[in-house]
Ligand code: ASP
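One chain comes next, on its own, written as C-alpha cells: the form predicted alone.
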Amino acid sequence: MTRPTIAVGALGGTIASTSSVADGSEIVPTLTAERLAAAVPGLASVADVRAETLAQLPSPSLDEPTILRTLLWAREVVDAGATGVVITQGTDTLEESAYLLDLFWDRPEPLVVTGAMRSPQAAGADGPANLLTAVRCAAERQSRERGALVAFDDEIHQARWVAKTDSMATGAFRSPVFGPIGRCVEAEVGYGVPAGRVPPLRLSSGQETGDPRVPLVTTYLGDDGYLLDAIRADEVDGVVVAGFGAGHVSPTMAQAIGRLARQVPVVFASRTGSGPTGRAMYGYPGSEIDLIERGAVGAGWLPPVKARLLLWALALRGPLARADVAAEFEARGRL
C-alpha cells in the first residue's frame, strides 16, 4: 500500500526548542524540521514525510507576513503532490496563525497546525505525540475540505474556533462552546461532524506582500476612549475593540468608536472568550445597538484576535467599505 506524502514545515517554537544549561531552562528554537520528524517513533509507517525548516522563531516573533509565506509554501508542496501539510510552531500565537492560514487556504488537502507545551528535553515532552497526531490527521482522507485544522493532545479543532486556554498545561487548546470536531484514538482519526467550511478568501498575486495595520484595543473599567482617540485614522486600515460581555463599552468609549468609525472600519468583539457579540438586546449608550448605529461592525462569534485577523486579511486585499466588512463578518462570524 502506498503511503501518503505529508509535507512538514517547521517555524520554531517550543516543539523545536532546546536548552544549553543543565536544568533544561532558557530554551530557544534550534531543531530543524528533519530532526523533529526523526524523533517521532512510528512516523515513517504513517506517511512519507518531507520535512523543511521554514523558520526557527519563538512564537511571539511570528507575524502575518511570515504566515503568508508559509501559506504560499504549503500551496506549492500540495501542488507538487503532497497529500497534506503539517505546520509546527510555537503555541502562543498558534490559534492566530492557524486562523490566518484558514482564511486563505484554498486547497482541499488538509493543512494541520501543531506544536508543544513542553520542550523535547523535558520529562513528558508532548511534541512527538502531537506531531504524530498531526501527520495522521493530514494523511486522513476525512480531513479533506475542512480548511486549516489544529491537532493537539489527540484532539482535532477547527482553526476558526480553537483557542489557547491555558498558559502551561499540555491540554492547552480548546474550542470554547463547540469543542473539538475530531479525535485521534489508537492511531485512527475520526470526526464527529461532516466536512464543510466557509469559503476561503481570495488572495491575488502580489497581495501577499502587504502588511496592513489593524490594532486591537481592549476596553476596561472606566475606559474613557483615551487610547482609541490616540489612534490616527490615516495611519491604520481598521481597528478592533474587545468589549465587555456581548461587545459593550462605556458611553465615552462609544463616542470614540463613532468618531473613528466615520473614517476607518471599526469592529467590536467580546473579550469574554466565549459567546458572540449582541445584535439587538441592549439599547443604552455603548451597547451593541448603539455601536452598530455609530457605524461599528459586530464580530459575531469571532474572538478579538481572530476578528483582528479577518479585518487584517480583508484590508490586505484593498480599501475597505463598511458594507463589505459587515458582510464578511456576517458570513465568518456566525455559526
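Computed from a prediction, not measured in an experiment: that's the story for all the values here. When you see a residue number, it is the position in the sequence shown, counting from 1.
Note that the form predicted in complex with the ligand isn't included here; everything after this is about it.
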- Of the listed stretches (112-120, 97-105, 76-84, 253-261), which one has a non-hydrogen atom within 4.5 Å of the ligand in the predicted bound form? 112-120
- Query: Is there a heavy atom of K164 lying 4.5 Å or less from a heavy atom of the ligand in the predicted bound form?
  - Reply: yes
- Answer yes if any heavy atom of D153 is within 4.5 Å of a heavy atom of the ligand in the predicted bound form; otherwise answer no. no
- Query: Looking at the partner-bound form in the predicted bound form, is S287 within 4.5 Å of the ligand by any heavy atom?
  - Reply: no
- With the partner left out of view, is G182 within 4.5 angstroms of the ligand in the predicted bound form by any non-hydrogen atom? no
- Message: Counting any non-hydrogen atom inside 4.5 Å, which residue from T219, T91, S175, T133 sits next to the ligand in the predicted bound form?
- Response: T91
- Message: If the cut-off is 4.5 angstroms on heavy atoms, which of these, P304, P276, P58, G295, is the one near the ligand in the predicted bound form?
- Response: P58
- What residues of 9-45, in sequence order, lie within 4.5 Å of the ligand in the predicted bound form by heavy atom? G13, T14
